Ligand SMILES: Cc1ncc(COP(=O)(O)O)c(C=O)c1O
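Below sits a lone chain in structure tokens, taken as the form predicted on its own.
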């Protein structure tokens, strides 16, 4: 996904050539990873000749929450985030890419060592838009990592802060060395939390089960959408409860969901096959989610998709 560097980037309110968006090596964002961010998908709906951004306003609301929890100055953060909504749409239109895009709106502290009061820090913001690669269709191989999910008392999983994602570096290396696609992290209570970028779901006896937010889980927007689709469209009950590690090996189905992963089936965990290999619930919710995003099915709510045409001159959004 990041193999292709775009020509343009939205940076502090303007769309500029990629190389012009720079910060100093001693800035807070470079030295301590002081940034909060979101990951967005813009799906190219060929039948409608436009992109559809999934839950744009929910993502920006969560970005505002992350900034508040990390004690970015409220008024300054709000000013940046308010501009970022139009920034996302303008960047998509200007890039003119007729294919799916992954966008990363980011708010960062440039100056102000550990500062939080207005006037003590200087904020910056940017949005990148990358063409997405071919969609993975096969089931994932997962391991349970020996590393733990960062607890709320250290740095809350409810904050999407760049520095916290270093906690996923070693688990992902561990998974790669084991020949797996992804690592499932447990929390400090030894129950399932999430992967480095997705929520975990199991299916047992026709019921979908996923860990609650209190177990070290990001309040995922794709997670919420999948829960809604399971309940309202597919008639599958969903229970949010703690999942012990051993239950991963007894599940009939397993899948993960997130902005990057979309909805992906899990085929093996620690080398053990998941169920019988037939995963009707996981497959159904995957197909429904992708069908909605591609414009072939009705969204779960009126605010789910924001349309934008790939033309910098178009005002139809």
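Positions refer to the first chain, counted from 1. Bear in mind that the values here come from a model prediction, so they are computed numbers and not experimental data.
Omitted from view is the form predicted together with the named molecule, to which the following refers.
Here is the short version: of 162, 220, 139, 115, the single residue with a heavy atom within 4.5 Å of the named molecule in the predicted complex is 220.
Interface residue among 65, 27, 259, 45, judged by heavy atoms within 4.5 Å of the named molecule in the predicted complex: 259. In the predicted complex, at least one heavy atom of residue 198 sits within 4.5 Å of the named molecule. Contact annotation for residue 168: at least one heavy atom lies within 4.5 Å of the named molecule in the predicted complex. In the predicted complex, the named molecule sits within 4.5 Å of a heavy atom belonging to residue 59.
Heavy atoms of residue 194 reach within 4.5 Å of the named molecule in the predicted complex, making it an interface residue. Comparing 232-240, 198-206, 173-181, 87-95 against the named molecule in the predicted complex, the single stretch with non-hydrogen atoms within 4.5 angstroms of it is 198-206.
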